[in-house]
Structure formats: C-alpha cells, structure tokens
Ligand SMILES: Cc1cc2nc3c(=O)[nH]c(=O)nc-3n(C[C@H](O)[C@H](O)[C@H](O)COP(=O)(O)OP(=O)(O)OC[C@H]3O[C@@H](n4cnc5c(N)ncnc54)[C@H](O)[C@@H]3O)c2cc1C
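Below you will find one chain, with nothing else, as structure tokens; this is the form predicted on its own, and questions on how it binds or moves follow later.
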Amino acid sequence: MANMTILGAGLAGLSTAMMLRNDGHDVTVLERDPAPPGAEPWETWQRPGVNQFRLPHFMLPRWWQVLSTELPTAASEVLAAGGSRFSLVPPPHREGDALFDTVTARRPVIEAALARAAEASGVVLRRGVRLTGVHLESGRVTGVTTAEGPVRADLVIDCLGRRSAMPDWLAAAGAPRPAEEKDDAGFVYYSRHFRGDRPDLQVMVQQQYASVSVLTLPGDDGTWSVVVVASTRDHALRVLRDPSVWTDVLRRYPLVAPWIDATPITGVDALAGIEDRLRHYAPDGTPLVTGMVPVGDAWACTNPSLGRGAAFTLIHARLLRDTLRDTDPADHEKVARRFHEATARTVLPLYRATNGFDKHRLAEIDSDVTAVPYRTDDLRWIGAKALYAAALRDPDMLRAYLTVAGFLETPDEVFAKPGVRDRVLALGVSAPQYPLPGPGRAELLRLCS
C-alpha cells in the first residue's frame, strides 16, 4: 500500500480519499479552508476557496448509484444529515423507475457529511494548510510544499477543482505546463433558495424556454433552489438580480411558479464567468509528469447547470481506485499512463458530450436574444432537442431522456435501443422549439423593463 496525499477537501477530494483509504492506502487530505464550525453547516460554514459553495447543487442518480455502492457509509451520512430522496421521474411512477432515484442536498450539508465519513474511515484531514507548490525530482512529483513545510507522498492527487493552481506549480518546478482547451461557457446563473413544503415535480428539473433555462432543484431538510440560466451577453436580464423582478418573472412560468411560492432563505445570487475547461496532462498519451494525477474538475470542468460535476468526479475517482488496484503504485510511470488512458477512454467522452451541449444551448439562447433562428447541422444537437420534445409527450421517451440527463447512459447508447430513434423522429423533430408554457422573448423583456 502507498502514501497518498490529496489536495483539496471538497466533494472530489473526500470521495477519492475514502475510496483509496478503503483499499488500505495511507491517505492525507490537505485543505486550506476551515472545518465546519458546528452542527448547521449551511448556517455557519464559509468556504472562501469554493466560490459556488453556497449556490445550488444537484446530485444526479449516477452520483447516488456510485456513492451508495462504493461508499455506503458516506451515503448513510448524507441521509442522516437530511439528504432528500428524489426521483427525476414525475408521478405516476412505474416499475423500474428506481433507476432514476437520487439523494440530494445543499453543498455544505453534503460536504460536511462526507468529511465525517472520511475521518471515520481513517483518512487524515489536515485543514488550514496553505499549499505553495510541488516538489519535482527527474520528472516525478514526490510531494508538495506548504507554508508549514514539505509534505512527501508516493502519489499526489489534485482535487483542487476548477481553480487548481497545479499548472503554475508544475511550471515553477521546471515541468511542462499542460495545454488547455477553454470555452467561456457564457452562462450566468440567477438563483435563490427556499424552504417549505416542496412542490411535486411536474416535468424535468431542467426546463428550456425562450432565451433562458430554468432549474428546480430539491435540497435537504425541506429546502430547494430555483435557478434562471441566461447568457452573459443578455444585458436586459441583469435586473434578475433584483428579487422582486426575479419573482415577477418566474411567476409567469406555470411549471415553475409553485416552486417560488414558499419562504426564501437567500436573496438572488448571481454567478458568471464559469468556463468549460480541459487540461491535457498526457498529450499524445505521454504523461507530462509522474507522481501526480488530477481528478474531477482539476482535470476538466463544465457548465454547472447540467448537474454533472459530482457524478463526473465520482466516476473519475473510481477509475483511479481501479487503476491502483491493477497497477503497483510504486511504478509511477505505469500508474500515470494507465490512469490517463482510462480517463481518455471513460471520462473524456462524457466531457465532450457535455461541452458540446453547452455550446449549442448557449448559441440557441444567444439566437433567441438577437431574434435570429439558430441553425446547425450537428445531428447530436438535433437529436438532443428532438428527444427533449418527445420526452414531454411520451412516458417511454421521458425515461429515455432522463437516462441521458441522469448521467446513466450516453445519447449514443439511448438512441441505439430498438424503437427509440423512430419514436423520437415521430414526436420530436416537428415539435415547437420550446414546447413548455412560458413567456416568449418579447414578454420576458417587458417583465424585465
């Protein structure tokens, strides 16, 4: 067994730490921010290192499947903390719908629960540690440097998220800087949290309308959040920062209105500047360094409105765990190469699919703003739009759509099933661009004026 040092005690770091600790490795997690100060993390915990810490999060069924299978103690902690059981399928339910079940909660609540489970499993969690760089010997990362001194490790695992400074640290130590693919996602999120008797789900949690998307996301302990997703270029909608305007607008969406008929527990929070980004730590299959691997958002991050980040991270963490089961951790070159190969084979296609959706949806929203119809020859986007429309008209297609939305299968896997393609073509291709009831662009502008 090996000595593992994990950077970051967020969802990625804690989940990865528990998987490796359960396999017998010595695992230490280094985190700059403080621990939860009490029994009410939502009320009292501040995490300046995570800019979206108190903003809406949603855990997809794929996340819950992996967590409850691989880390059952952690899953029990989330439930004990008030995590809500929730199905992506609106009632009535039928046999087999358990596939779409999840448990979700607000980010501080989940992270505090995972931290308790990690420490109970034997993970050493060191908080208040300020990282300053990496130690490099002949192309191998052998540890990290901190304000308190060096920390040696057989393997350093970067779980610092989308703001990780690992490229800078590698460059400062004399290693190549990873090339990056970046796309400014161009979305802005206007969100608010509520408490009360949670409304019944009538349609998908993510709904598409003219020039905006709206998310209705269950949380823990009788809470939930509602998010309006718009384009950063849509200056007319910036007034949605005003709670009264935000409320007036959302009351015009019949499927959303019940979700704001409750007690707000926050104002309207606005978040922008979130990019889709992929870092190439193994260009052409050759690792830039050994002794260090990135997991989750430290490797690739996407638009948060699809809710895939946590599931993406758990899948990636399990890949690392499995790589270390099959490869001697002392063989640093082989570990790095095999993990990067597994990442490219299993996780990279998920990133590409999400990134492609982001680009098309943003382009469609921007076209709504400029009143120029959006046109594309990309069959994947055409298929995605048709499947969404068909899902609103056919319960079988709804479940096909939710299989993709829940990160349970890829679009290719869903469309390969007998009858799906024909049914989607029959129901979805000729459907209106935005089938759900709600204001068009002109009315939305009037409400925001």
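The model shown is predicted, which means the values in this text are computed figures rather than measured ones. We number the residues from 1 along the sequence you see.
Not pictured, yet referred to below: the form predicted in complex with this ligand.
- In the predicted complex, no heavy atom of residue 41 sits within 4.5 Å of this ligand.
- Using a 4.5 Å cutoff between non-hydrogen atoms, residue 33 counts as a contact of this ligand in the predicted complex.
- By the criterion of a heavy atom within 4.5 Å, residue 219 is excluded from the residues contacting this ligand in the predicted complex.
- Within this chain, residue 169 lines the site of this ligand in the predicted complex, having a heavy atom no more than 4.5 Å away.
- The listed set 420, 392, 50, 408 contains one residue whose heavy atoms approach this ligand in the predicted complex to within 4.5 Å, identified as 50.
- Contact with this ligand in the predicted complex, judged by any heavy atom within 4.5 Å, is made by just one of 193, 332, 107, 361: 107.
- The stretch among 194-202, 343-351, 176-184, 125-133 whose residues place heavy atoms within 4.5 Å of this ligand in the predicted complex is 125-133.
- Applying a 4.5 Å heavy atom cutoff to this ligand in the predicted complex picks out 47, 49, 50, 52, 55, 56, 57, 58, 59 from 44-75, in order along the sequence.
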